[in-house]
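Encoded as structure tokens, the following chain is the form predicted alone, with no partner shown.
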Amino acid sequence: MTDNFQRRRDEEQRMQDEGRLPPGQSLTLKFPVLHYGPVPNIDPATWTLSVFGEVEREMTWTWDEFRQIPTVEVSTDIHCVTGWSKFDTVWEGPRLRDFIELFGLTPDARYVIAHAAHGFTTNVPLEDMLDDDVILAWKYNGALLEPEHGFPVRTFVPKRYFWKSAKWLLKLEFSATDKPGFWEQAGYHNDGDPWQEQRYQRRRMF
């Protein structure tokens, strides 16, 4: 038995004992890369982030402007729908609820739809996006995100399976109605709660 295997097994057992490993998950010491389409070559000199929909004021930020927004650091666990979990990860970026104060929302805003590269979208109820640990992440472990992990910015929603944390973020839509995104329309669960093991939609039986 290798040292790495024993280390992973011991760490996984510790997470189970602490109640931090959701059902059907196993620990990884690596950071697997899973996404739809190739890694986009995003030039920060031309990248922008926009907000629209049920907002009081539509706004757009350049990369330099976005990095001026105050950030918080979040240390937490992440869980992928494919079955891996990574623990004690450290992310940094503006807390979404603080970011919202820059433009305001209308009373009709109920959902946040992240729009990203390749036309990818994903949906999360606004109520869940206001949690303390939900940020617009642009740093991981103290450094800029790697391109394969979402550079320059991704949403970070750790209480949901990790596909809900959209890489290569371009726009945030605040909507009065729910709008299932790319993977949700392909059969993934609309909510994606790891502790409820909400991986896929149930198929109707005829």
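Heads up: residue numbers just count along the shown sequence, starting at 1. Not measured: the values here are computed from a predicted model.
Beyond the structure shown, there is the form predicted in complex with a small molecule, which is absent from this document and is the topic of what follows.
Each of Val33, Trp84 and Trp168 is positioned with at least one heavy atom within 4.5 Å of the small molecule in the predicted bound form. Residues with any non-hydrogen atom within 4.5 angstroms of the small molecule in the predicted bound form fall in just one of 149-157, 61-69, 44-52, 172-180: 149-157. For the residues Met129, Ile113, Cys80, Leu105, the 4.5 Å heavy atom test against the small molecule in the predicted bound form is passed only by Cys80. The small molecule in the predicted bound form is not approached by Trp138, whose heavy atoms all lie more than 4.5 angstroms from it. At a distance threshold of 4.5 angstroms between non-hydrogen atoms, Phe99 is out of contact with the small molecule in the predicted bound form.
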